[in-house]
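Just the one chain here, laid out as structure tokens, in the form predicted on its own.
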């Protein structure tokens, strides 16, 4: 199928009006920023969160306070039954899905010789299996709807480099990047684009305490040509672009959002 741009919403600031977006791991950090941005662009947003996370309601409140529509759905993205239930709920409440953002991910730092099989399996389950399960459910709905769609996965600069305390994590982010490349081929004929975003160091609740040390902050910001660490909104803007008709011919791409960190080798 050939997807045509939505001229009615072009340049209006609401590029995603009448779209339904599912954002995994959307209660905090990068996922929260993406959910807020997609809602501001006019999408109805499903805010996915794990069962033990109680802050999703604040994300909903912020979306609704800016006039958006949102629904919180608890689901462990590594569990096929829970993922199926999440997309069933999305269909029942909003009639389908147009955008999927695979954002859910975990990265507990651990030394190689202390890495357990259980932790390896859990990180791969959430980060890579979760992207597989959600992408398959979403793409089936998009295919059957017949109006195309967008799948955006949050990979990482760690897909391109190693990490001494991330030997369990970096393979999952490389896998997510590769999954999007393959799905771009498989799903392109249905008008479904598949792309990945590779964040560099983004300041979130997860690492904020780490950067309370001035020496650590100075060291890491000094490696970034733009002179600062990233903010969740830096990723959200790129996700909104990829979700919109402005990116209708972007497929199988990866966008590195790191302030120039990766190229600063000298």
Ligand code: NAP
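Positions refer to the first chain, counted from 1. What we label the rigid core is the largest C-alpha set whose atoms superpose within 1.5 Å from one form to the other. Owing to the predicted nature of the structure, the values given are computational and were not obtained by experimental measurement.
Just so it is clear, the following notes concern the form predicted together with this ligand, a form of the same protein that is not shown.
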Which residue, 213, 233, 57, 205, has a heavy atom that falls within 4.5 Å of this ligand in the model of the complex? 205
Which of these residues, 133, 97, 192, 104, gets a heavy atom within 4.5 Å of this ligand in the model of the complex? 104
Each of 90, 144 and 187 having a non-hydrogen atom within 4.5 Å of this ligand in the model of the complex: is that the case here? no
Which of these stretches, 71 to 79, 113 to 121, 144 to 152, 177 to 185, has heavy atoms within 4.5 Å of this ligand in the model of the complex? 71 to 79
Contact flag, residue 126 vs this ligand in the model of the complex, heavy atom cut 4.5 Å: yes
Can you work out whether residue 49 and this ligand are in contact in the model of the complex, taking contact to mean some heavy atom pair no more than 4.5 Å apart? yes
So, residue 196 and this ligand: in the model of the complex, are they within 4.5 Å at any heavy atom pair? no
I'd like to know if residue 29 sits close to this ligand in the model of the complex, meaning any non-hydrogen atom pair within 4.5 angstroms. yes
Classify residue 210 as shifted (yes) or not shifted (no) between this form and the one not shown, where shifted means its C-alpha moves by 2 Å or more with the rigid core superposed. yes
